[in-house]
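Below you will find one chain, with nothing else, as structure tokens; this is the form predicted on its own, and questions on how it binds or moves follow later.
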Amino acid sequence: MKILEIKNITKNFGGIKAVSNVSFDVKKGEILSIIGPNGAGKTTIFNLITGFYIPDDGKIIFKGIDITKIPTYKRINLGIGRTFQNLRLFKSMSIFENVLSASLVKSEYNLLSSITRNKNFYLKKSEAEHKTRKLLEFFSLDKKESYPAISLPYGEQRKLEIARALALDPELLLVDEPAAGMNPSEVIDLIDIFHKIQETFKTTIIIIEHHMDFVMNISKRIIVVDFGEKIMEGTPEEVKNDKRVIEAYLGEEFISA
């Protein structure tokens, strides 16, 4: 079953084609990776899926709904979440507050409830707090919930950002370079975390990543983009041995490693 369909999307910035006629589908429950050189258009594709940009041409279909031109907040409500290449945590807020802020987005209480602090408000607040603690426990951050986010090591800040994205209950999670800056031990741990996310939350995941060991160990399918165009789509083994991908991105040294 397809959860996402990208149909011939194009995005230009002035005279530069950031994304050119790109198409692909994402199956429900899979982990798909998008790779390519810096400036290839990977993050622009994420920005188009999440509504930060509107494509100049083409369509984006999510769960059978044409979301090409609807605003970002509506896409979040439909079930799309993301993280960013550069961490965007609320650094002075506690770890708990960072995740709670997203948990409360999904809480169903109205303006009157929040003003009057009625029974429904406290019930929804309690549910959001419980959900936040369960997520922090899942990522082994529960012992540090009162710490400011900025106090965490880099690898744990990455985990916190993923936890906050999951608090939005996404059916589709877009993750931009989660392994960036991590050591080999942290990368191995991250691979395990993503498998557990998929198993526990039943979330479909699209990952942008340059760390090839991570990509090859986490992905069922890989899409390769270069100069804004999709040049290859296949299994890790097919991508690893494709001449166009080797020339554009991987290099012969990756194959012989």
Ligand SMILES: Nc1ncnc2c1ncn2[C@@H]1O[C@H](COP(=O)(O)OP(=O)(O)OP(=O)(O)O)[C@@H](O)[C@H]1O
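Everything numeric here is computed off the predicted structure, so don't read it as measured data. All residue numbers refer to positions in the sequence shown, first residue = 1.
Beyond the structure shown, there is the form predicted together with this ligand, which is absent from this document and is the topic of what follows.
Undergrad: Based on heavy atom distances of at most 4.5 Å to this ligand in the predicted bound form, which listed stretch, 34 to 42, 65 to 73, 187 to 195, 216 to 224, is the contact stretch?
TA: In the other structure, the partner sits against 34 to 42.
Undergrad: Looking at 77, 94, 85, 151, which is the one with a non-hydrogen atom within 4.5 Å of this ligand in the predicted bound form?
TA: Contact with this ligand in the predicted bound form is made by 85 alone.
Undergrad: Using the partner position in the predicted bound form, report whether residue 248 sits within 4.5 Å of this ligand, counting heavy atoms only.
TA: Output for residue 248 is no: heavy atoms all beyond 4.5 Å of this ligand.
Undergrad: Please determine whether residue 156 contacts this ligand in the predicted bound form, using a 4.5 Å cut-off between heavy atoms.
TA: Taking the distances in the predicted bound form, the answer for residue 156 is no, it never comes within 4.5 Å of this ligand.
Undergrad: Is residue 201 a contact residue for this ligand in the predicted bound form, using a 4.5 Å heavy atom cut-off?
TA: Close contact is absent here: in the predicted bound form, residue 201 is far from this ligand, nothing within 4.5 Å, heavy atoms only.
Undergrad: Residue-level question: is residue 22 within 4.5 Å of this ligand in the predicted bound form, judged on heavy atoms?
TA: It does not: once this ligand is placed as it appears in the predicted bound form, residue 22 has no heavy atom within 4.5 Å of it.
Undergrad: Within 4.5 Å of this ligand in the predicted bound form, do 90, 145 and 180 each have at least one heavy atom?
TA: The answer is no; none of 90, 145 and 180 reaches this ligand.
Undergrad: What are the residues of 49 to 72, in order along the chain, with a heavy atom within 4.5 Å of this ligand in the predicted bound form?
TA: The one in contact is 53.
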